[in-house]
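Okay, so here's just one chain, in C-alpha cells, the form predicted alone.
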Amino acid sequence: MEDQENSVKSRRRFLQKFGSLGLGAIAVSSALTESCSSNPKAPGSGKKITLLNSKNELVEVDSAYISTLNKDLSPNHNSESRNGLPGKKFVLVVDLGKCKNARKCMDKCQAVHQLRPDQHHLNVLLMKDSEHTAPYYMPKHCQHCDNPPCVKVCPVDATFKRTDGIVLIDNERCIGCRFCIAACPYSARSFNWYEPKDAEKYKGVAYDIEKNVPQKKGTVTKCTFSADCLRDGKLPYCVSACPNGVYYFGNVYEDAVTNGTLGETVSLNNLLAQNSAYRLLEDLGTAPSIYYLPPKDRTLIPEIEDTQS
C-alpha cells in the first residue's frame, strides 16, 4: 500500500514538472540531446531543463546548449497556399449506399501523394452497425474539422486550418512530435516511419504544400482534400476516380455539390435534409466538413465471414 502511494505521489510530481514545460520545450530533436550528452563535462549554465526527445525519452539538458527551435525551422512559405481560396468553404458528402469497395479512390490518392502500399490518406472500411443489420462500406478521410484539435496541439505551426476549411500539413516545418496524431479523434493521420515511395524520383522536386509532395521521412501525412486540384477548379482526386458516384463535393456558401461520376450538381442543403445526413463524432464539437448519407438503397451488400464459427 505504501509503495502504491509513493508511486502516485511520484507520478503527480512528474506531471506537475512535465506540464510546466510547454509545448515548445517538449518538441526537440534527438540530435540536440545527443550533442549535449556527448560532452557532459563541457561548461554550461548549471540550469537543467527537462525535455522529451524524439525517442520518447525524458532527458535533462543544460539550458546553455539550447537554441531557439524556430531558428531550425523552414519559414511559413507559400502564404497563398496557407490562406486558402477566397469565398470558399469546401464540403464532401459520402453516399454510403453507393460504395462497392472499388477502391479506385484509394489507388488514385496513394499514387498522387507518393504513399507506400501500407499508407492511406483515405481508407474504405467494412462496417456493420449491429448484429442484425446488413454490412456496408464506408470511405473515411481526414474530416477537415472547423474546430480541429490537431491544429491546437502543434507546437511549430506545421499543421494549420485555411479560410476555406481545409486542414493541411507543412512537412518542411513538421518536427515529427506526433502530437497531432494523438489529438485527432478520427485516426486520420499517419507518420512517415520509412522513406516514402519513389523517393529517388522526387529528389530535387520543389515541395508542394497543397499536395504534400514530396513526402518526407519523419513527418506526419494526411488527406489534403486535394487542395492542388481545387486551386485549378477541379474536383478532388478521389471524387473524380470513383466509378460508382459515391462522392459529392462542393462549396457550402454556394449550397451546391457535384457528383464526380454523374456530373450532376445538386443543392447541398436538400441532399443532406432529404437523406438524414450525419457527421462522425459530432458530440466532440469538432464540426467535420464531411457528411455521410446512411446506406439505404445500397447497390451491394458485402459478405462478412462468421468469425465465431
Partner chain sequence: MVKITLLISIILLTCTQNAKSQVKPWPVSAEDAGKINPIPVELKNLGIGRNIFTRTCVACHGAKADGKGLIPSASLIDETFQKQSDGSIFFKINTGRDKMPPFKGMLKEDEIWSVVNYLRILVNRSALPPAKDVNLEISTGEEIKSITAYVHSADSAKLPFPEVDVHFYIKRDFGLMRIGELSNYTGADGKVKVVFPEKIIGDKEGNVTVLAKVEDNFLYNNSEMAVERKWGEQMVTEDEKFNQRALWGSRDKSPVWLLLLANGIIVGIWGVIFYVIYNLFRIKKTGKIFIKE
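Residue numbers count along the first chain shown, from 1. As the structure is a computational prediction, the values presented were derived from the model and not from experiment.
The discussion below concerns the form predicted together with the partner chain, not included here.
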> Within a 4.5 Å heavy atom cut-off, is K152 in contact with the partner chain in the predicted bound form?
Replying inline: yes
> If you check in the predicted bound form, is K211 within 4.5 Å of the partner chain, heavy atoms only?
Replying inline: no
> Does K234 reach the partner chain in the predicted bound form, with heavy atoms at most 4.5 Å apart?
Replying inline: yes
> At the 4.5 Å heavy atom threshold, is E282 in contact with the partner chain in the predicted bound form?
Replying inline: no
> Which residues within 226 to 258 place at least one heavy atom within 4.5 Å of the partner chain in the predicted bound form?
Replying inline: L230, G233, K234, L235, S240, A241, C242, P243, F249, G250, N251, Y253, E254, D255, A256, T258
